[in-house]
Each structure stands twice: as C-alpha cells, then as structure tokens.
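One protein chain, two forms: both are listed below as structure tokens, the first as structure 1 and the second as structure 2.
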Structure 1
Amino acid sequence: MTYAKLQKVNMKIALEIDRLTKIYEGRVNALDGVDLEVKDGVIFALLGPNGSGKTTLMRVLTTQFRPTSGVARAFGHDVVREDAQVRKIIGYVPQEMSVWTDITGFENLLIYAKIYGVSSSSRNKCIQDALQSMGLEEVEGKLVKKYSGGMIRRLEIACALLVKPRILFLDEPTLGLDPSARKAVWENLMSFKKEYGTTVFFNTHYMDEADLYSDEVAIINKGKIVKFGTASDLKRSLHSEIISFLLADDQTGMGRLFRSNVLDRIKALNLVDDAVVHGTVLDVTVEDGEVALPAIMELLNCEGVKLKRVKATNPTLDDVFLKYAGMRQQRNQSGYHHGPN
C-alpha cells in the first residue's frame, strides 16, 4: 500500500499503537509491547489494576515522553516526531488534580483559552459552552478551592473540552469521587460526546465504568493488553457462569472448607474452572451449571459445610477481569454494586 493510501485509511482510526514499550530508568518494564487500535468516535476504556501501565501509556500518547520503542499515531500523526501536531488535536486530564485552586473556575478556563489561542471574539462563547457542557455555570465565579471533588473534575474536563479536541484523554476520570459525582461527570461527558463526536480514551480500574460507558474495552495487565473487545464480547467470551454459595456464617463450616482442601477438590471437579472465597461467599466458575451444581453440593455436604443460599449468575466484566488480569476488584470500592449478592 502506498503511503497516501495508508493515510486515507487512517482517517477512520483515531489511535494506532504498535508494539509500544516503555522501560523506566532501564528497570521498570511499564509497557511491554502494546498493540491497540481505537476507531474514530468511540469511547474507549483501558481497564487495568494499579501499576498495570495505564498512565504510562496515556502519557506516551499525549506526547509527555517518548516510548522506549514502538510507534503510536493519533489521526496519522506520530506522537514522537509530530508531537506539536498531536498536541493541537488532543485534550487531556491527568489523574492528579490539574487546575489552579487560587483563582475562579472561569479564570482557569480563560487562561487555558489564552494558552490555546482561542481568538478573543470566540473566547467567551467557548468558555460558556465548556461551562455548560460540564454543568458549572452556577459556580464559575467561585474560587476553585471552594469546589467539591466532583466539581473540580468537571472543571478539568471543561478545560480539556474548550478547544473541542478530536481525542479526549482522561486518566481515571472519577477516581475518588462518590457515586453521584461520578454519575454527574459521566452524564455530562456523554452528552458532550453525543454533540461533538469526540473520541474518548479513558483509563479506569472501575469495572462498572468500563461496562456502562465504553464502546470498547481493552484490559491491560503488567504492561500488556490481555483482552480487547466490547464489554459484552468480553463477557460472552467466558462461556461460563458463576455459582455463588452463601455459607452459613459459623466458624466450623468455614474451618472445614479450608482444612481439608475442599477448595482444591472443587476446582478439580469436572466442568469447574475456578473457585474463590470472599468472606462468607464461595464463588465457583463453571461451564455448565446444571451439571456441575449437584456435584459441588454433594462435596460440600460430605464435608459438612452448611449453606444459606445458592445463586447462579452470568459473568460480569469483573469476572472477565479476574480471568485475564488475575485479580478481582474490591467490590465496595466501586460504588455501583453488582454481583451475586
């Protein structure tokens, strides 16, 4: 294919990432050969546990530092060689707080508008639009240090939206916010996205956020993309369901479960993929619940483990994450409850 043709094809692709690696100080292998493609106009979630390399990838994509090897392009522009062009088409909100707190929300936007060179004739309109998209009109004149966490986040996003970027990068946009503030952030973002068709690339370690708001998800673990697809693809890919056993909360039953390797014996059963205990819940991942359930029940019964309740559920993104990233989310951290109980 000629270069010109390649360019044309690229127009539909917002981000192309090819064998990207980043080694910090010659030691920490933060990115270990990342390949990804993000289509124009989608909301893309990069999901991974802490330390998996999400921030590092975003900082390479936003031209903050060079990768150790590999290539990344934003709308055809190489993030290393054409970094100035890339900076003109992206908006970015880092994980940490990124607004000046000793001036007002309006003034923050004004300074950014000036840095980005928004002409003085359209400046006020751009600022008002951004304030409105993020629902901040009423507090624009207040000092940012008086804002709540959710308001600060929305202001940061407003600063990034000011110039209507083609790609918006958000690093853990709702980290540390309570559920209603998270919801407000996403509702505003979704309606902005609907209006302008901006591509959104966000990092998160909240399953439910990726599930609810993304068109596509990639799971990253230890600097590698371990799974990529839509949230429902990923869930379907498990071909399995989960049976949750709520154990009677008595010490002897729990003790038995652990003493005589019951867990390992359950895992060894035919059709059983995995078994995990959280508190008083035993989750068993099975391929065919109707066949596997009687066998598991019999085993538990023989060992004298008493049960309160049994429930079967289809896999959630949480389970996908467990399988591919080898760890489970802390449920109560995320605010939006789901799962067997």
Structure 2
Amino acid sequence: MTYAKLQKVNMKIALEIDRLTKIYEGRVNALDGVDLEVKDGVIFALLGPNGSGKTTLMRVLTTQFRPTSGVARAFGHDVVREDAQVRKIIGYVPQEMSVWTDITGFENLLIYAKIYGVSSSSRNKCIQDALQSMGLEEVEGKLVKKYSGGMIRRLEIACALLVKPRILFLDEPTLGLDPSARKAVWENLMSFKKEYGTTVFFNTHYMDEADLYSDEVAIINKGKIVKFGTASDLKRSLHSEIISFLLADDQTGMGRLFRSNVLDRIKALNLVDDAVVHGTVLDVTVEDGEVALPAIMELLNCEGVKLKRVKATNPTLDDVFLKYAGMRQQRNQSGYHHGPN
C-alpha cells in the first residue's frame, strides 16, 4: 500500500496546539490563545505580517521557547515536558545561516550527523541520502562559500533531513532566493516529503509558495489564528472578484479620477466592497463582477475617465492575506499581485 493510501486510512495528528500563549516581559502577547491542529504528512503554511507571532510559534513548537500557558504536542509528546523526545522527531531550519562556509558541504553534514548522534556505521549513508534528497551530490566536495544562495539553502535543509524527521520546520525557507532557486528548493522538498511522508510546517511571506505547495494554510495576526483552511477554501471565503482598470496616465485618466472625486463615488456604489489605486491601476473589489462592471464603467465614462485596459480576476491568496491580516499587497500594472518582501 502506498504512503498516500495509508495516509487516508489512518490520518494522524502531527501537531496539537491548545490555547497556547506567550507573553514577553509580562506585557506583550506574542501568542494569544492559539488553537491549531496539523495533520500528519501534510505541507502546512503559516502566514502573517511581521510581528504577528509566526516565528514565536515555531520556536515554541521546536522547544526553543517555553510558552507562558497552554499546551503544544508533536505526535503526542508535550513540547515542554517531553522536549528531548520532541527534538528526536523534528528537524528545524532557521532563517539565519546555519552552515559553515569555509568547509565543504559533506563536512557540514558530517558535523551535523555527529551532533544528531547518527551512528558511525550509518553516518555515510545518511549523508548521501540527504545530499541526494536536496540534489547536492555533485557539489558535496566543494567549499560552501562557492555555493549559490539556493544551494546553501538546500544544504541547510539537507542537514535537517539527516535524521529523516517526522516533522520538518522551515522558517522562511526561500527568503531572498531568485525564482529558479526557490523552485529547486521546493521540488526537492516535495520529493523528500513524498518518499518519507514527512510533515512540513513552514512560514513564508511568499503567497505564491503557500498557494502552490501547501495542503493547508493558517493566517496568524496579533498572536491569534484568524483563518484556517486550504488555499482554495480561503480564496472562496472572500465571495468577491477584483476588477482592475488600467488608467490613462494623463489628465483624462489619473487626473480626472482624483479631480472629480470619482474614487469616492465608486466606493459608494452598493455593488462595490472597496476601491484602491496602485500607481495607474484602479482595483475595485465586488461580489459579482458581471453585475457591477456596467455600473462602474458608466460612472467612469460619464466622468470622462479614460482607460487602457480592464481585467477581472478571482481573489488570490494575497487578497485573503489582505482581508484577514490587514496587510496591503502591491500590484503591478497588469493587475497581478507581488508578495511582500
């Protein structure tokens, strides 16, 4: 029976989090009663603005921080009372660089293998498995300082995979990497997860990664989980469409829009939920684009606002993030979202 079939038959809970609270210096609620369950074998994305509690939650789950109150368990093991047992079944890759650049990739893995207590008899096989999992076999003998940024990140993940953890925690796994390097990291991660059934728990600012690779998503804001579900479920929860109008960048477009208070009048339409201008793009959020578009077009035409292009799109994960975490994402002139930096 394949892993996928076994997973359906016997779905276990990898992480159980119950009313978890973390208060710093008696004042700041970094975590404020977090309740969450993460199933075994899934890829789980945690999204949230800076300071929302993402990293604090991950550090509690990886036994680095003690919570103020509440309970968190990894496969039934309490992360506080059974922290040593938890550390045996998890891997963790922080944002900060966690490998040495003046030695080779193989030597880094050898050091980590000794730290993790991998027996000398199985050490070489574990290292080769980790190298293969991250596609680094051909550069294992090169100094890490000669690696690209993407290769360094894959080496860091390889170090965490040495013990084939049941849960892999990744803090901003592709931060600062170019698109091709990001894709390579995720392709290798997906292959490892498929082979070993590892649960992957990651946080990110890249909405496209959460949308493409995660099975489930949670959004955290001000220490609370404000939304949970699959990426598709979260997008459907908005019950809205976005109509993007590319305005003429002159007196008949942008100038007329603001000079005649057209933006405020669009917002006042019963069919419109919100209207925002990004550069020369007017984004109008509506519940039913087919019904709302004629009314908006009539208003713009009556006021002499000239357009270059009109485009209707369904909500993206960026829009979900905007609504539930209160963070505005930037758009380019074609109406597509860019994730935050």
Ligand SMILES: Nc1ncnc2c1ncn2[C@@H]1O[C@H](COP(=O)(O)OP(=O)(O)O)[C@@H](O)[C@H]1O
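Numbering for residues begins at 1 and runs along the sequence of structure 1. If you superpose the two forms and keep the largest set of C-alpha atoms that fall within 1.5 Å, you have the rigid core. All values reported here derive from a predicted model rather than from experimental measurement.
Engineer: Only one of structures 1 and 2 is the form predicted on its own; identify it.
Structural biologist: Structure 2, which is the form predicted on its own, differs in this respect from structure 1.
Engineer: For L300, is the C-alpha shift between the two structures 2 Å or more after core superposition?
Structural biologist: Comparing forms between the two structures, the L300 CA shifts at least 2 Å.
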